[in-house]
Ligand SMILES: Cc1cc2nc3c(=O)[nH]c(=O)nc-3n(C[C@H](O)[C@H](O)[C@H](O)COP(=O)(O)OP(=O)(O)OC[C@H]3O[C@@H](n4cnc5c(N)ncnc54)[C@H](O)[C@@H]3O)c2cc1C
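A lone chain, given as structure tokens: the form predicted on its own.
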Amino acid sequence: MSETILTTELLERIHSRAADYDRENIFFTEDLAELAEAGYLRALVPTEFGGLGLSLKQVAREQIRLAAAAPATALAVNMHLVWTGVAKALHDRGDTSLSFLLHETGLGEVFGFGVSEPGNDLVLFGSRTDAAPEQDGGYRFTGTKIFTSLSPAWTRLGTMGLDTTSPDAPKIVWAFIDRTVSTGARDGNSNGVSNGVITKDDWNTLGMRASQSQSTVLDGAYARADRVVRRLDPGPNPDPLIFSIFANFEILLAAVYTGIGRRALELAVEAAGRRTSFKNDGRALSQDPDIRWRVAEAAMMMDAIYPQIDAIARDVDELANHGPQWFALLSGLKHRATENAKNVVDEAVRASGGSSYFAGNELGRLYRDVLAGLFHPSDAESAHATVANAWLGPIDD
């Protein structure tokens, strides 16, 4: 696609700040401001809601480019894009339950993704967070969410918890909470006090440092009734919301880690042309058969992943019906893309030599960043179990 949002100049500025953000372990404040000004946070929002009306396929391609410039920035922005993608996917399928999200994104709100919990390997299908119903139809959420990207910046948080007290309990409750609540002003501005939200200063990680994906403690955080979007039975569920979350999360994650692989390959090519071999009369290592093999191997791995992301994103855009195979396709894509990126970075490090082992080296930073892909859902075990169930059926009781 043409560079209508992420121009070369914008990506160069973002890339120039990535090393400092990583070294100082600080949030990508300037990047986010520039991306918002460029309209990127509204990329997936239909034009009727004030957005740019891009497809998931188009945005996935842009995320590859953004991640090549600054992986942590791309990963954190991903979580906002996931929610706008979910709302778009539902809207495209005639479901207006998240139209408010599209409208508010068009007005500049930033959405965080508050789903992951410590010790919860059921992910979307269970919760350790308590969702207590209020008489007005709203809910109060109490629990801890981890890996909450955009922690310093989100204004709305999409989250979920378990209602164990209603007559039809248990139910997984999906809702959106405001970061702050009004102090009573009639103009509706959210300039009041914290809405039972505590952000912990606990993000000191090996990689993806600028994402500042801090833990979020919900202490009776309130979601009003018109922001409660689903009450579902625990466990696997065919609800369109679950499909839309899974589809956008997996595809956009695959794009981010593919961007890391893309940049690692570029750095390997640069290193091969720059480095020379003493034993081969000072010739560039781009002439060395072993280095050429490694760079070629990385290039072939990258060539294979781009069309897969395009194809599956296009199928979401075009409302393709893969039936029960959908979750296998999506979890398989995420697993394949993150493992592929890790392998590409590894080949690039081997081709680039010992300089990549030094702190501050860009390829060394990519090596740290790419490891985060191991921990996002679906992890390797979950992906293989999902695909096995799709092809072989579930294990007998």
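This one's a predicted model, so the numbers in the text were calculated from it and none came from an experiment. Each residue number is its position in the shown sequence, starting from 1.
Below, we turn to the form predicted in complex with the ligand, even though it does not appear here.
Participant: Answer with one of Pro307, Gly108, Gly273, Gly119: the residue that has a non-hydrogen atom within 4.5 Å of the ligand in the predicted complex.
Facilitator: Only one listed residue qualifies here, and that residue is Gly119.
Participant: Check each of Ala284, Ile146, Ala299, Leu267 and return the one that places a heavy atom within 4.5 angstroms of the ligand in the predicted complex.
Facilitator: That would be Ile146.
Participant: Quick one: which of 288-296, 74-82, 229-237, 88-96 gets within 4.5 Å of the ligand in the predicted complex, going by heavy atoms?
Facilitator: Among the candidates, contact is made by 74-82.
Participant: With the cut-off set at 4.5 Å between non-hydrogen atoms, does Phe327 touch the ligand in the predicted complex?
Facilitator: Answer no; every heavy atom of Phe327 is more than 4.5 Å from the ligand in the predicted complex.
Participant: Would you check, heavy atoms only and a 4.5 Å threshold, whether Ala131 touches the ligand in the predicted complex?
Facilitator: No - in the predicted complex, heavy atoms of Ala131 and the ligand never come within 4.5 Å of each other.
Participant: Report whether the minimum heavy atom distance between Phe246 and the ligand in the predicted complex is within 4.5 Å.
Facilitator: No, Phe246 is distant from the partner.
Participant: Does any heavy atom of Val115 come within 4.5 Å of a heavy atom of the ligand in the predicted complex?
Facilitator: Yes, Val115 lies within 4.5 Å of the ligand in the predicted complex.
Participant: Of 364-386, which residues get within 4.5 Å of the ligand in the predicted complex if you count heavy atoms?
Facilitator: Residues within 4.5 Å: Ala372, Phe375, His376, Pro377.
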